[in-house]
Structures are given as structure tokens and as C-alpha cells.
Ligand code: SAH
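Shown below, as C-alpha cells, is a lone chain in the form predicted on its own; questions about how it binds or moves come after it.
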């Protein structure tokens, strides 16, 4: 990586500097086919090309964490690694940078890419349960975990059989998680998700609808969209308060926060935090809540 920092990323983010493409290509030679000078004469890729983004992800995971085997099936979400890494680092701040497998984390909707458990297990040695409602994505995530020996013993993938539940059917009696995390479906319908994809492509200069970051129904849209999904999660979290420390989720739309905070007051959360995140021009935030009384440093 060179010395030019990226705007907004967490200071511990390994991807906080601009990419050193020669080093990345050394880690993953297949990336070379997608790297070319951009309008400013710097090495880059076409971020509207899903194959290029996938090759970049493979190189980043190999170089940063030694994860040699990462692949996603056609049509599934191809996540931007730096932004996903930021969520993990902010969660580490939330629990005072605790490390090791005794820190258990539940990832709701882990996806075929299994990206949060891979990063969290590699960065902090945390143990993860990745829950997924899509059986094909669940099988693929298991395949990725089993192919990377450094994380195999730290990540378990579980199939969630209900599309309307987050914790019930996944958290087992007697289990305890320090953290839960979720990147919820943002859209209310397939049509809304398609419109969002087209906007993303226009912003990236892409012209073909097929060249995007992918995403299936449960990854991109659900009944009630982001607001409905998180409100259901908040309601369900009450029943699992004794088994979880901090519940967290990404919130893409800031206008949803007042209604979500109202929902958290209704269920009598002991503490609520809103953690701002940014990657370039993209703004997001983490909503975190707990039912336990939290002791703050003096």
C-alpha cells in the first residue's frame, strides 16, 4: 500500500491506504488481467465489473490474512472488503479490543461470501457463528471455511430456517455471544433493489446491468426493507438479552434512526450507541444496543 490514506476508514483498517497493485498481483496473479491505468494515470480496476472486484477481494484476503481460497457463486453479493473490515474494527472498540476465541460473535445473514467471520476470525481470533437463510449460500460459506485452515476451527455456519427470525432457531440454549452483527437487506422489493443497482452502476461509470456486485433476494430486499427488518430484530432481541452482550446492525439510511431509537426505548434497552462509518463518499452507521448495564472507564 502507498502512503495516501483513504477517507473515513477506521485507523486500524488494513486497507486504509491506496492499493499497492504490484504487491496484490504478486499475491494473486489473476488480478493482473483487470488492472490498468485510470484517468489519473494510477493503477486501478473497473469497480463496475464484478469479476474485477472479485479478483481484487481475493488478492486482499490473501495478502492481508493468508486466506488462499475465497470464491462466490454467480449472482451472489460481492462485498467491498475495506467497508466490511471497518464494521469488525468498530465492534472491537465496543468490547475494548478483546481478542481470542472466547469472544463469540453471531453474524446474521453471513451470505455465501462469509466475509465478516473471515475478517473477524483473522483479525482478532474471534469465534463466529454465521447464520444464513439461503441454503445454497449456507453450503457455499461452509465450503469457504473448510478450505481455509487458519479459520476452520473458529467459524461455524448454521442454517436459519425462518426468513422472519434472526436469533430464534440459531442461538441454542446455554449459548452466550459477546456480539451480534448484521448487514440487513436494504430494499423493500426486487424492483427497488434493481433501481439501486442501476444507480450504483451509473456512479461507477458502468454500462451493463450484469456487471454489478450481485445479490440475491435475502441479501438485497425483504418485506419492510431495512427498517422493517431491524425493527423485527429489535423486538426479537428482548428474548435473547441474557445470551448476548451487544446487539448490532448496519443502518444505511439515517432517516430510519429516529424510529429505530423509538423501538429501542420501547423494549427498554439499557444503552444505545450510533457509530458513524464512512468509505469515501459512502456514509453508513452501526446501531448498537444492550440490555446489560455497561460500566464505562472512569
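As the structure is a computational prediction, the values presented were derived from the model and not from experiment. Numbering follows the first chain given and starts at 1.
There is another form of this protein, the form predicted in complex with the ligand, and it is not shown here; the text below is about that form.
Among residues of the shown chain, residue 162 is one whose heavy atoms approach the ligand to within 4.5 Å in the predicted bound form. Taking the partner from the other structure, the ligand in the predicted bound form has no heavy atom within 4.5 Å of any heavy atom of residue 86. Put simply, residue 229 is close to the ligand in the predicted bound form: some heavy atom of it is within 4.5 Å. Not displayed here, the ligand is approached by residue 116 to within 4.5 Å at the level of heavy atoms in the predicted bound form. Per the 4.5 Å heavy atom criterion, the ligand in the predicted bound form is contacted by stretch 75-83, the sole one of 75-83, 171-179, 148-156, 92-100. Just one of 108, 121, 141, 105 comes within 4.5 Å of the ligand in the predicted bound form, counting any heavy atom, and that one is 108. Heavy atoms closer than or equal to 4.5 Å to the ligand in the predicted bound form belong, across 114-134, to the residues 115, 116, 131, 132, 133, 134, ordered by sequence position.
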